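To begin, one chain is listed below as structure tokens, in the form predicted alone.
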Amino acid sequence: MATMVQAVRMALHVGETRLGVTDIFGEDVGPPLGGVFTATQGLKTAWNTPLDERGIVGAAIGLAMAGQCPVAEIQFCDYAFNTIDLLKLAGNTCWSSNGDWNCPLVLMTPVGAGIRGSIYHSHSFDAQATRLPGWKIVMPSNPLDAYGLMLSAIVDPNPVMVLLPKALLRVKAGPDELIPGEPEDDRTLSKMIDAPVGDRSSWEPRWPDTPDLFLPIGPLRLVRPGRDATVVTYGRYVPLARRIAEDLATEGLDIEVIDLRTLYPYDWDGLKASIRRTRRVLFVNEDTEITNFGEHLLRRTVEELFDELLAAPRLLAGKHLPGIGLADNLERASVPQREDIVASLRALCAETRSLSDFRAALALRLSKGNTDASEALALAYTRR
């Protein structure tokens, strides 16, 4: 029963032994540490770089352009902001060369709050990442997804960014999140692939026989079906949203939970289908609320689904602050907490647009020649 960080490590082992990964590198990525979160312990192609994020990204681009298959790590996403120009170059290589050149690299980095990392180790990077055309962006919420998405990232011919939520790196898999071939007992797995404390000079991992399990980049995951409202989230808030939905069911609220998994290219068809089912939606993430990725999804929801909604769509995101405070109360006040999500969902489910709103929307849709409008809005009336 792997944790997310163990799942990443096993995926990288598959990458270097069967999928052509040539270099895994970054600050403290090689021996003896094997990464600050231990994601690269025991890997044959892992090596250490200087403390130079621009050098790491530049080396990854150079290796990829030379025909290698690199996986680079930025130790904390907080230090990726000074590499934006290089990330843009990686993203535009295929486009600007009219498809003649690819840039097959993976960049992984831990993101978000939840570990009391304070101002320099708690930033999110999802909104910034989605502003880099040419990149695919994934963020797993469980070990099985981390394993499958990492393998898909490795074989992709162009750059993929794997954002790993720090708050979930040590969380063990649930019963439906086991990686095929891994031992179900977490202690057995730890003895096999976790480096011992102390002298590691003669230690060798014993890797479980896990398969080439590719999770497609793009499709979302329906975590929990519901009928009253949809929560759209990713990363650390997925397991929290699921627990909240189960608790709110005792109050008679049936909440659907969507794990986006891929921030780009995101599954708009899947999102749209869920929002049309519940007619209420709450977008939740921990990045700062100004020019938040959730704002893009909310804007598209309003533009395309406005006249089918029972309530105005909402965004719950982090405060627009320069950083996250070290003290527990400061961190909790900076990013959404359980009580914030519960309050937002209760308020969302209590809100219903007036009959006159629906009549106006119906008239608008019919004027545009949308003959399905009457059926859709009649369903909305019956559910009010």
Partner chain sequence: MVSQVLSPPLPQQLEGPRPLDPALQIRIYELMLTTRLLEERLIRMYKQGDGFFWIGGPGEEAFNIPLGLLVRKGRGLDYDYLHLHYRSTGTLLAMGANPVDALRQMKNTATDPYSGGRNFVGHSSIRAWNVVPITSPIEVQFSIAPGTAMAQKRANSRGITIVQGGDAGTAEGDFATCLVWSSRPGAELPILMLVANNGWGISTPASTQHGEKYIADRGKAFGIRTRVINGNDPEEAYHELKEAMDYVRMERRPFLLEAQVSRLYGHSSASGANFVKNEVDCLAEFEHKLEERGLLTRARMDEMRERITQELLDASRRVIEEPQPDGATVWNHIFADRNYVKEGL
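None of the values given here were measured: they were computed from a predicted structure. Positions refer to the first chain, counted from 1.
This next part talks about the form predicted in complex with the partner chain, which is not shown.
This chain is displayed without the partner chain, yet in the predicted bound form the stretch 150-158 from 150-158, 106-114, 192-200, 309-317 comes within 4.5 Å of it by heavy atoms.
The partner chain is not shown here, and in the predicted bound form it never comes within 4.5 Å of any heavy atom of Phe214. For Gly270, no non-hydrogen atom is located within 4.5 Å of the partner chain in the predicted bound form, even though that partner is not displayed. Not displayed here, the partner chain is approached by Gly67 to within 4.5 Å at the level of heavy atoms in the predicted bound form. Put simply, Leu298 is far from the partner chain in the predicted bound form: not one heavy atom of it is within 4.5 Å. Interface residue among Pro205, Pro219, Pro208, Gly134, judged by heavy atoms within 4.5 Å of the partner chain in the predicted bound form: Gly134. Only one of the listed residues (Ser334, Thr352, Asn48, Thr38) places a non-hydrogen atom within 4.5 angstroms of the partner chain in the predicted bound form, and that residue is Asn48. Every residue in the set Arg54, Ser96 and Tyr264 has a non-hydrogen atom no more than 4.5 Å from the partner chain in the predicted bound form.
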